[in-house]
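Starting off, we have a lone chain in the form predicted on its own, written out as structure tokens.
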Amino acid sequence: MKKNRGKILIFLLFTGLSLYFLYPTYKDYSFTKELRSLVGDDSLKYVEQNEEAMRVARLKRVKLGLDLQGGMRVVLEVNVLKYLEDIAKNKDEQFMNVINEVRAESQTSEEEVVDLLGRKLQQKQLRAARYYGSIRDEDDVIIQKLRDETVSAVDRAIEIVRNRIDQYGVSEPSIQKQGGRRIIVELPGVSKEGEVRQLLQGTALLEFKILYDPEIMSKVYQAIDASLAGKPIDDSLNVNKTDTSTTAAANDTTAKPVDTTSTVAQTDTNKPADTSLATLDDQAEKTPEELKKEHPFFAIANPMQQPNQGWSGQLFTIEEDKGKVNRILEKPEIKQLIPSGVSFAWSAKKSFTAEGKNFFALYAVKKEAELTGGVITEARATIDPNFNTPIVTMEMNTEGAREWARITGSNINKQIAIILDNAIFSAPVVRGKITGGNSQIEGMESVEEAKLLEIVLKAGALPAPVDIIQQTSVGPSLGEDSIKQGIYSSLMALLLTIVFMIFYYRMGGTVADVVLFLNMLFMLAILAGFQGTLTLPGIAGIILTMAVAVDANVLIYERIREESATGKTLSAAVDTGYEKAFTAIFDSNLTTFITGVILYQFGSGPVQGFALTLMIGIVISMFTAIVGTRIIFSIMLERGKVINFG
């Protein structure tokens, strides 16, 4: 016993850790089962009461693949050739003939579309500068620029798809770039094909909206907070339900059109009048529970107002509470407190991180957009040469420039939100009237943030066409059937193996069965701990691993029986059996493991899932079959127990 104390402690530690990692999976199953038994307001109340625990359990559970929980897998392809056709400055007959030839050849060729286009132009002795770039540019330079632009177009398409899926509210989506122009999207739990096609293929909607008056919104938010707390709404908090905020002038004919490249700042340096929210009394003397009871809205949507400073109108909420805030704002009694001209939008990215939690900003904007992204002709992220900081320059067409001058001229010192598909990417402050259609947005923290804003601004102007080339739906019933059949087959295989081992190897077989349970426990715990995904091929890998684990025990037990037949004592036969069987077990598992590595390296999707489960299972089965059973036998022999190997 003493000589195996270290190994026993390791086994107990692994078992305890396994139960710890699998507990969220059990909790998630319990929450889901309870939620399915509830309907209507009861289910909503249950979600609100257990939202945080449900989120944590879902985050840490063993994740199920698309084939097990149902959903959609869509393969998108960015139509690069159409994009190249659209951006050409000259589309004469020769050019269209080249485009048609490239289109036909690209169906059967692996060559990049841009390279195909360059080769076709060269074969017909046509200069690329005739259709793209400047007349002074060399063909090689133009082709390289086109390559860069097509890569950028694919990146923009991915950003648009990701943004839309986030807005759609799909849980645990997977978005991957494949090759140069394909995007693979997996949407667990989604079954509405029409909505998904519209979601992924529709034109991106880029809008510019003025932020609603902070002074009015401070009263609105306080009224909401008072309503949720069951307090009477003070007369001073009464909200005029009509749009009383400053309206944009129809035409600005008095402002002097001086600027040709004016600036809007992302950081407000010209604060409007102080529109402070009312101070929450005795905050410091009350517990968080008391404050949450007295101010239920501000407890989850905090204005983050600094003392003696104006408030710009945003509320900040941790990522987990965004759904809770949305549900509050959608309540009929709360909507009566909100002016009719107000709509809400979240920041597309987190505003900041505090205490390990991501905070998002909630903006109140006017429902009607001042301008849409169709007027933008160019956007580019660059570095300001004067201050060495990242900025984004933006150009508009003639119509957009005229409207932009009117909007900026009548909203100086106000914030304009740049919204893509109802997610706010930036809300710069207008410093002055902008004429000429050229604007500069500053205040970004990094080049990456500026690049993202460039993608957003371009997305509304000229997105590359995106085609759905493959769409696979796995219905929830098929997913549930797959789970049931997988579980049944696993249990059946386990039961038959247990019976055989007990029947054929008696006590030795019983010990092997106990270790087999530990084997499965450890495997699932590793999947949960590393947030792996269990797929149907993964279940096949688990079943195969069970066979491999039992096979190792069979080799050991047969060796022990051979050594016992030569007249050795049971203790000596066990030692010799494990020693001589080890080489064969190690060799067979090593070759299987190498096969798993090859499958994982060169396979994809389900094949990788099978290979990963198999490799994990092989390592664990080696540990449990050789070390686990040996410890149990050693303890039994020390205590004088009789072990029968059949």
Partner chain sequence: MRFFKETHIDFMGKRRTWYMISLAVIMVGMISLAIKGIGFGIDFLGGTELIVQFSAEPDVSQIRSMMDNAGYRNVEIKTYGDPLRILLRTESQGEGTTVADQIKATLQQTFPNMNPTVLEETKIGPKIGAELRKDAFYAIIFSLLAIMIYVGFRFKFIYGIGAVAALFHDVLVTLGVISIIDGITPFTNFEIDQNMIAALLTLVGLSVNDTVVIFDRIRENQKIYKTLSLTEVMNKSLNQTLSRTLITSGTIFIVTVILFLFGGEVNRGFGFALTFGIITGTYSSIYIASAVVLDYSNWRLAKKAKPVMKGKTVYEPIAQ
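Everything numeric in this text was worked out from a predicted model, so none of it was measured. Positions refer to the first chain, counted from 1.
This protein has a second form, the form predicted together with its partner chain, left out of what is shown; the following refers to that one.
- Looking at Arg182, you'd find a heavy atom of it within 4.5 angstroms of its partner chain in the predicted bound form.
- Its partner chain is not drawn, but in the predicted bound form it has no heavy atom within 4.5 Å of Val39.
- Contact check for Phe500: a heavy atom falls within 4.5 Å of its partner chain in the predicted bound form.
- Its partner chain is not shown here, but in the predicted bound form it comes within 4.5 Å of a heavy atom of Arg506.
- In terms of contact with its partner chain in the predicted bound form, the residue from Glu112, Glu562, Asp155, Asp137 that brings a heavy atom within 4.5 Å is Glu562.
- Only one of the listed residues (Ala229, Ala299, Ala493, Ile412) places a non-hydrogen atom within 4.5 angstroms of its partner chain in the predicted bound form, and that residue is Ala493.
- Exactly one of the stretches 208-216, 117-125, 536-544, 394-402 approaches its partner chain in the predicted bound form with heavy atoms within 4.5 Å, and it is 536-544.
- In the predicted bound form, the residues of 99-132 lying within 4.5 Å of its partner chain by at least one heavy atom are, in order, Ser106, Gln107, Glu110.
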